[in-house]
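Only one chain is given next, in structure tokens, and it is the form predicted alone.
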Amino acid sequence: MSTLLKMRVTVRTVYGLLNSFRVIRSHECTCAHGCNASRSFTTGRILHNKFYKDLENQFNAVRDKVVDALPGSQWSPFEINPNLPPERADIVIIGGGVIGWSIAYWLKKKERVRDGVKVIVVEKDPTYSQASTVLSAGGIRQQFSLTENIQLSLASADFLRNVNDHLGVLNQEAVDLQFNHSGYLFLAKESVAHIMEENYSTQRLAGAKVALLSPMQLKEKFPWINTEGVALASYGLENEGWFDPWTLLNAFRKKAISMGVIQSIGEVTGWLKAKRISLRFSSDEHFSNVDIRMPNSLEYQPVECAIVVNAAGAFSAKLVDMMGIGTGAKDTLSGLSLPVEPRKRFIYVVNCPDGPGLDCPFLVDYSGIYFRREGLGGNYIAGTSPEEDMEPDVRNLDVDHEFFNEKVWPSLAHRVPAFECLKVTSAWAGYYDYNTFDQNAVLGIHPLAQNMYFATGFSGHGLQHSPAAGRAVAELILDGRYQTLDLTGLGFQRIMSKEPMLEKNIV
């Protein structure tokens, strides 16, 4: 303490000396006319003053540091990164896409007291330039064959219709999803028409509003369609269409943050295992810490947490591998890995002034191609999935334009003759979190990691199912079981028992 006081006295002394130098030196002369003139010597004066001003600033800086170092101050010899996440949280969600932010929102929505659950969402790409959410086609439909998927879509559609009741933030603009309710239109050939009829019965039983159309009815409703080869069509009457993916993602994010969720920009690079309990037939891993590395830096923050949610989408299996889960012998519980991998899909924007008008639905042909209207002015987006043995390289998001010419355009022009005269104006590529086991979501706890929950593997359905799927995972975490929709069938048990839940597709 005496040393600090001496430093403060020294600073004050020097400060006084500095003040004493603030004298304007001048030479007064008296001329024969009796006038007094004052002539200042300015040589070097500016530099002289600047030197003492800089010296004064340096002493002031020293004084401030000395004062900050006194007891009770917040001064630290180490620079603290303000972007570091907190050291502790109840729940860490890895993946700041629409699924991750939906889970965060529902966790805060369900908490019984304000700040009762401390939630962190970790996202490594703040620009979302490669996020599956914003690079998707933005569609929503109820035309599935599995009851779980139909229920997820119905619940999500209801959420989207009333989005401002859920995601509206005080004193901010209303959320406008630009939801276009033009429906989905599936076309089936003769060999798969019976599957479409079975799916129709399942959809109606689940509460979806869907209609079957004969080729004649199809032509009457949509005259621009070439019905050649079409045996049956299925058309969504309600709660189907498309919306803006970025708006929904941003609305979930803003609302969750306003409710107390902490956003952390960084990448999960490590884990800490708290305990390992060996059982007769299995072992239980418990992860107590998550290491979050800051962008473009070696700096990282270990975050102690009770629960981890893997919502990392196409790269969620990479996190599981990092944890060492599923590395055991094949066909054993210790060898149960997460069957999710990235798959690249191309979306092409085309312009066709004479194409379908405002009544254009989201059309899916039995050949595999799809298209929908994109705004006004004769713009559409289109694409198709490649054959299994022709999957494109996922190491980048480069677009294959020849793929459009060879695989998309011929089928597109066959189904809609007006598309013979179209022009590709732009294109992009995005990732699916593709479930190689059965192309459906994986929800719930991994049997080898009892405090890690999964919400991944949606295989292209993640955006449209995000509101209901986020609520379901939040129920599992906070309530211990599903409350609104029974999605037990989408858990790891089906993978363990090798019983895939496959959609009966007409494509």
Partner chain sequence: MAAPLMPLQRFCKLASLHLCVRRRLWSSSGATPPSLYKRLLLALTQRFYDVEILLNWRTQLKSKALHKKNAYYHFTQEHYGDNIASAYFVLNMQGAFRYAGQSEWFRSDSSGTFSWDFVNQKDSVLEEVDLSHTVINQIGLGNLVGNPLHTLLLRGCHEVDDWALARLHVFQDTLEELDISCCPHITIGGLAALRNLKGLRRLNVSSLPRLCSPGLVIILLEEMLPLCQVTATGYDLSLTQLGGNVDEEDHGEVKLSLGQG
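Since the structure is predicted, the reported quantities are computational estimates derived from the model, not experimental observations. Positions refer to the first chain, counted from 1.
Below: the form predicted in complex with the partner chain, not depicted.
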statement: Assert contact_stretch over 86 to 94, 159 to 167, 325 to 333, 382 to 390 against the partner chain in the model of the complex, heavy atom within 4.5 Å, equals 159 to 167
field: Touches the partner chain in the model of the complex: N180 (any heavy atom, 4.5 Å)
entry: yes
query: Given that the partner is absent here, does N250 sit within 4.5 Å of the partner chain in the model of the complex, heavy atoms only?
result: no
- prompt: Is R395 a contact residue for the partner chain in the model of the complex, using a 4.5 Å heavy atom cut-off?
  reply: no
- prompt: Taking the shortest heavy atom distance, is D359 within 4.5 Å of the partner chain in the model of the complex?
  reply: yes
- prompt: Heavy atom within 4.5 Å of the partner chain in the model of the complex: which of R293, K254, K221, K273?
  reply: K221
- request: Name the residue from C421, I195, V349, L237 that puts a heavy atom within 4.5 Å of the partner chain in the model of the complex.
  value: L237
- prompt: Would R114, D176 and K209 all count as contacting the partner chain in the model of the complex, using a 4.5 Å heavy atom cut-off?
  reply: yes
